[in-house]
Each structure stands twice: as C-alpha cells, then as structure tokens.
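First, one chain by itself: the form predicted on its own, in structure tokens.
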Amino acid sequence: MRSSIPVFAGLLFLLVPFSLLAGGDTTKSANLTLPAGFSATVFHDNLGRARHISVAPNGDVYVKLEKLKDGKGIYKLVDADKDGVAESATGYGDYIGTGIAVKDGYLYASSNQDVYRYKINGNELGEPQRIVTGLINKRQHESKSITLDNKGNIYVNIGAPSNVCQEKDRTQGSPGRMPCPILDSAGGIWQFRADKTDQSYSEGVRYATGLRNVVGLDWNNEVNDLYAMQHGRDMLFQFYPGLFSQKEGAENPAEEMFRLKKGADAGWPYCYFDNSRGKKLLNPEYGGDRVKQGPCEDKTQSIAQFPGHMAPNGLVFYTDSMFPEKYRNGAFIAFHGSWNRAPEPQEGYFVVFVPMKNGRPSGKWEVFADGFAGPNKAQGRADYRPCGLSVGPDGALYVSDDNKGRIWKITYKK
C-alpha cells in the first residue's frame, strides 16, 4: 500500500516523492493506471484543445474547446450503441472558451468574456442566448469556468490578470499594490441569474473574492455549497531565494480547495498557503517573511491543500453508485500538470480523489488515474494533460485532455 499526503487545513504537509502518492492495487487501461476493478475506454479522440466537459442526462457528452475545430467551439459526442465509444461528433458555437455545464434542459457555455445558454431540444440545440457579457479578458487567467446551483444561479470564475498584483507584474522587487485594484472586477467568483440575458458586472454579485484563478469549479449538491480549486501564485523561489529554496519554491504555494460561502475572501493577492509551514501567510510583496500572517489569519481558509504548481483544472463531486462506496460524495480533481517547477521535475498530469464527509475532506487524498503524460513530464512533452471532469448518468467518470483532445470514460465492475 502506497502512502498519500494529508489534505486537512492546518496540518503540516509532508513532502514525499510523487511516486509514492497513489493508493491501492492498480491496473493499466487505455494507457491509464487505475485502481483495481476500474477500466477506461477512449470515448473520443483528436478534438484538439478540449477543456471542460458535461454529460447530459441522456448520456450525450458536451465538450468546450479552447481552440476552434472546423470553426466550432462546442462539440456534442454521442455513443448511440452504448459501447463506451462515441460514434458521432457535432459542432456548435463559433467561440473558444473553457466553461460548459448541462442543467435543467439547458446547455451553458462560456467564452473568455461572455456566457451563453442553449435550450436542449431533443437531439438539437436551440439558438444561443447570451446571459452574461463584458467580463474581463486580458489574456492572463482569462478562462471562465462555470457551475450552477439549484436556485437558478450561475457562478463564473473571473481570474486575475496578474500573478500577485505587483506594480509591475512578474517583476522581481516590484511591490504589491495595496489595496489591489484588480479585485473590483476579477480575482473571484461572480454570481448571475441563469435565465436573464446580457447581464453585466452591475447585475451580478461578487460572490467570493481573493481567488487568483479558479479553473476547477463545482456546486456540491450534498451540502449545497460552492467549491473551487485555486491556482497558486508563481515565482517564490525566483523572486525570493533568501526565503525559499529551489525545492520549497517548487512545492509552494499550495494549490487549494475552498468551500465558499457568499462574501468569502480567500486572501489573494496578500496571502498564500505555505505547505512547509502549514498555514496561510503574508506574501513577500506585502512584507511577508514566511512567519507573518497579518490579515491572512482571518481570511477564508482552504479545506484541502496540495503541492504547488500542479494546475487543478477540473473538479467534480461523485454522487452516483457505480463506483464503490468509498467514492460516494467524494471529490475528483484533474491536475493539468505543471510548467514552473523547474529545475525540479514537473508534476501533476493525474486525477486525484479526495474522500469527503459532510462537505469536508475525511481522509488522505490519493492518485486515482495516472499515466496521462506518458513517459515524459518535461515542459511541453506530455502526451496528454487531464483538464475537465464530469459524471455520466450511468455513474461513469469522463476525463478530457486539452493537449490533443482525447476523452476517456472510466467505469467500474466488481
């Protein structure tokens, strides 16, 4: 049995080799390493930069693309004979983006500045309605992840077009701006109505703030709350070698899971979670020294932390019954893989599982699906990079890759 790292807030992180982070017996399937009893098929292939995915109640899989394929940015994949492989792919929409979700007979999809919805009419989609428009898009953290609650609201991530709100972005020695002016229109999650057209910032609500960039976003129906995976800041070692060793810079700051109530403030850009110290600390740009907490002690605390720079791009809660009981109500997270751990080895490129009880982690996280990257995790060399996650009506877990556009379907059988 291989060990894994604790995920509870406030616990000291034990930085063990990534090769030791998977639990249980594993088998290889469709080039993936999975726990015993699980298998995977390649549901569809070669879609290109496939980002988030959502499976409709009839089993149709909708995929959002970051780069148009044949002029289309949304694809519907249909497995008519239910053999685990899609026979057809139909394109819709002429815009790129990340977010996609199916809810109550509608398909919702985002570009990097707008959100649209389509009525699902049998096998076809109705004409698009633009429900949100004019969101910040400055070519850094511009993707707009989305999720919906059960009261007619849609939640949209608006990532901060900045690393840590310095006077000169990503410049060594440049101080952080106080207060950070970015937070009025980015660096958080905004709430809009799901059925109202052409809403702007003035018609939305800043539901949560202090979040640098969230790509993994999901509504947890068990506890009726919003959950988000934050991408941590960059360049701690490069900018502050007197405070962080090369390895500490690779492992910090934590990638964090938040349970967000309305009005939450997670602390960006003033704060970061230091895995080595096991707490939220003041960023060096704001006078931090790896000891000071300052206002960070009173900010919204994450409920789980992971090693730095692994890019948590997908989040979904498992409420079905196909998988064994241990997975019920737990969270699957797709880590897209790092680019800025160098010269330490790049890591991530896997899907992990976090057991949950009453909306909080109830045990150690473990690697659930691995092998996406292939033999080489060096920057730009990975074969596939897991990005989106969705659970189908039969309980299968779908995983998208935004490198080549492969979609996997993972099932379980005793």
Partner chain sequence: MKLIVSLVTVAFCMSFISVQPSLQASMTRGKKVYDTYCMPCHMVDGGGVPRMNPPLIKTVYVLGDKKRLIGIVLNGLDEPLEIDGETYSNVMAPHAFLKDQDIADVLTYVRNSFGNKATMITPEEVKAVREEKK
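Positions refer to the first chain, counted from 1. From a predicted model like this one, the values you see are computed outputs, not experimental measurements.
A second form of this protein, the form predicted in complex with the partner chain, is not displayed here; the remarks below concern that form.
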Since only the chain is shown here, I'm wondering whether residue 139 would be in contact with the partner chain in the model of the complex (any heavy atom pair within 4.5 Å). yes
Taking any heavy atom pair closer than or equal to 4.5 Å as contact, tell me whether residue 67 reaches the partner chain in the model of the complex. yes
Tell me, yes or no, whether residue 336 is in contact with the partner chain in the model of the complex, where a contact means a heavy atom of each within 4.5 Å. yes
Under a 4.5 Å heavy atom criterion, is residue 357 part of the interface with the partner chain in the model of the complex? no
Which of 36-44, 362-370, 54-62, 375-383 has heavy atoms within 4.5 Å of the partner chain in the model of the complex? 375-383
Looking at 171, 123, 224, 197, which is the one with a non-hydrogen atom within 4.5 Å of the partner chain in the model of the complex? 171
Which of these residues, 205, 291, 342, 80, gets a heavy atom within 4.5 Å of the partner chain in the model of the complex? 342
Would the partner chain in the model of the complex be within 4.5 angstroms of a non-hydrogen atom of every residue among 114, 153 and 264? no
Shorter or longer C-alpha distance for residue 244 and residue 380 in the model of the complex, given it differs from this form by 3 Å or more? closer
Output row for the residue 379-residue 161 CA distance, |change| of 3 angstroms or more in the model of the complex, reads farther
